[in-house]
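The chain that follows stands alone, in the form predicted on its own, written as structure tokens.
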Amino acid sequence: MTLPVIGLTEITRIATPDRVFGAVRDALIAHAEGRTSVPAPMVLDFPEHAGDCHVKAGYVDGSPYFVVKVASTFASVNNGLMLLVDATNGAPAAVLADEGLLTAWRTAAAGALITDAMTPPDVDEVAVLGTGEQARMQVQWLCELRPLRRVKVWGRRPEAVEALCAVFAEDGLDARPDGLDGAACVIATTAAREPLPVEAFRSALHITGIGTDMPGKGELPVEVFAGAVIATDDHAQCLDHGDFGNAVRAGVVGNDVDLAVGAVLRDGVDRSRRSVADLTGIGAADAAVASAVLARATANESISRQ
């Protein structure tokens, strides 16, 4: 058997923002409605090499494929692939050699979708905490959904803050290195294992946290959850190793107060209330995006065989 392999060049051409947004939104809603199969993720940690590897799987009811994904980050360099498997007979269908790109894009799409859905519509300023790939992408993908005027950036390395501000300035945004001053919308994108400075969140009407994706991490101060509307992408995952779980274990909130992100995207939410979204990443979103890419590649007859 020769297995089709879709390379990064073709994936980049196929996976347009509209296609990724649509696939991720549909997957999150399906997950909220119980129409997915998402086993617990497996995480391998390689601290001696500044690396970790996430293995996730997922299936959305009615899809022709389920997906097993390997995504790693070593010394801030992402890599990985996705294996699509025929959901009717278990035969491998294709490999997406995406080098971790689709994981980054589905994370950016999920964050942007829930940030837009829970942030008051007149808010056009955000503070982003972190200076890596997701800090950049969360803002850029959010700009696809709502107009932004100003971005405040915080990071532990001043040179990285300055570089990210320059990127946002090129995008036409008023970018400032004063993220700790806070904003009505705050997006946390770090790999922190201790809570970020609480002053960054004091003026927030909405907070999205995407960095706490494995045990041992924790970037949101637990007190930000008190009295807030809370949305989680997967209740069990976020309770196990998300910032929501950290707040529950600290006794700040109960373990049953969260809404499903997909339900918020489907039904909306009262955006006048302070809110927090905790995203740990779900395999169903990977499956939906990968399936959309394979469907388009097959239609274009652009897959190779190796």
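It should be emphasised that the depicted structure is a prediction, and the values quoted were computed from it without experimental measurement. Each residue number is its position in the shown sequence, starting from 1.
One more form of this protein, predicted together with another copy of the chain, exists but is not displayed; see below.
Asker: Pick from Val85, Met214, Leu101, Leu173: which has a non-hydrogen atom within 4.5 Å of another copy of the chain in the predicted bound form?
Answerer: Looking at Val85, Met214, Leu101, Leu173 one by one, just Val85 meets the 4.5 Å heavy-atom criterion.
Asker: Pick from Leu259, Leu239, Ile29, Val68: which residue has any heavy atom within 4.5 angstroms of another copy of the chain in the predicted bound form?
Answerer: The residue in contact is Val68.
Asker: Residues in which of 223 to 231, 203 to 211, 118 to 126, 69 to 77 have heavy atoms within 4.5 Å of another copy of the chain in the predicted bound form?
Answerer: Going through the listed ranges, the match is 69 to 77.
Asker: So, Glu48 and another copy of the chain: in the predicted bound form, are they within 4.5 Å at any heavy atom pair?
Answerer: Yes, Glu48 lies within 4.5 Å of another copy of the chain in the predicted bound form.
Asker: With a 4.5 Å heavy atom cut-off, would you call Pro197 a contact of another copy of the chain in the predicted bound form?
Answerer: Pro197 lies outside the contact set for another copy of the chain.
Asker: Residue-level contact is defined here as any heavy atom of the residue lying within 4.5 Å of another copy of the chain in the predicted bound form; does Gly90 satisfy this criterion?
Answerer: Heavy-atom contact with another copy of the chain at 4.5 Å: present for Gly90.
Asker: Answer yes if any heavy atom of Pro41 is within 4.5 Å of a heavy atom of another copy of the chain in the predicted bound form; otherwise answer no.
Answerer: Yes, Pro41 sits close enough to another copy of the chain in the predicted bound form that at least one of its heavy atoms falls within 4.5 Å.
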